[in-house]
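For reference, the chain that follows is the form predicted on its own, supplied as structure tokens.
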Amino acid sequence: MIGLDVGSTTAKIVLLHEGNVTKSKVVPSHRWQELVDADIDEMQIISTGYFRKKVPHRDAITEITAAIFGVKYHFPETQMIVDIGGQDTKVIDLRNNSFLINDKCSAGTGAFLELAAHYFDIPVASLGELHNRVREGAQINNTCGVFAISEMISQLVKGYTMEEVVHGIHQAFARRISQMIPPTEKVTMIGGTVLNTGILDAMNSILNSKIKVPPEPQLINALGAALYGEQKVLK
């Protein structure tokens, strides 16, 4: 079975055989066709993500369903899933099967961090390294793109370093996300943004929870789609 997750920023594929991942790959979303070559049977594909109904598939499922299947594969005891995507953030409460989505603006999404990285002219992937160079950050209150950039500039003018401002950005980002999360002790975070160790550090410092991150968190929804196919479609 094949899980194909084509999101707003990246496209991911996971090939699954009897519950075991045999192959996976990530490419930018606009190049998703590279993941579906002539050797792949369309009837084996379960799709998810923004473009789930636009790509070849046997069945299409929501990112919420895919995330639940994917996370439970690694951490069946999880109570709360936080999925930080490029354009939205989802908080899924498995205790009562409810969820919240922040998709009204870039605040609290990967797009906000991309905006901050663009301002400093650095790769998004380096934000975590900069965060970890300092123990305290500059005070940043906004996660709305325009206001946050203005606040970042003000803090640089005051003498704070780039590292301190990045640390402050991550703290502001984590505070924004934490407002969506009900009290719980078993949180799992997924999505490409979680590869940023600065975000994890900030979230751990704000939430009174032990946050878990599965291997390759960016692939979890594709994995979940494939698992759904094996358990529900082929059943």
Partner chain sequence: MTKTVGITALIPPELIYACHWQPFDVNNIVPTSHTSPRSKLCAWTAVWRDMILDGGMYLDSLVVVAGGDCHNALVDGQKVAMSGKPTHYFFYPFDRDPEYMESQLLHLTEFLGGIKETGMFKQVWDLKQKGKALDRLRVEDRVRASDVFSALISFSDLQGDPVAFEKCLDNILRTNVEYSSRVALIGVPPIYPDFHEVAESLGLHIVYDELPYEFIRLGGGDLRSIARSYRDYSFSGPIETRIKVIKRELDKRNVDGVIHYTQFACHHTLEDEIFREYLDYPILTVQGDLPRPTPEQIVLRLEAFSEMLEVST
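Small disclaimer: the values here were computed from a predicted structure and weren't measured. Residue numbers count along the first chain shown, from 1.
There is another form of the same protein, the form predicted together with the partner chain; it is not shown, and what comes next is about it.
In the model of the complex, the partner chain sits beyond 4.5 Å of every heavy atom of residue 32.
With a 4.5 Å cutoff on heavy atoms, residue 53 counts as touching the partner chain in the model of the complex. Using a 4.5 angstroms threshold between heavy atoms, residue 98 counts as touching the partner chain in the model of the complex.
Interface membership of residue 80, defined by any non-hydrogen atom within 4.5 Å of the partner chain in the model of the complex, is ruled out. For the marked spot (65, 69 and 92), a heavy atom within 4.5 Å of the partner chain in the model of the complex is present in each of the three residues.
The contact with the partner chain in the model of the complex, taken as any heavy atom within 4.5 Å, belongs to 61 out of 177, 61, 194, 202. Per the 4.5 Å heavy atom criterion, the partner chain in the model of the complex is contacted by stretch 53-61, the sole one of 22-30, 53-61, 205-213, 168-176.
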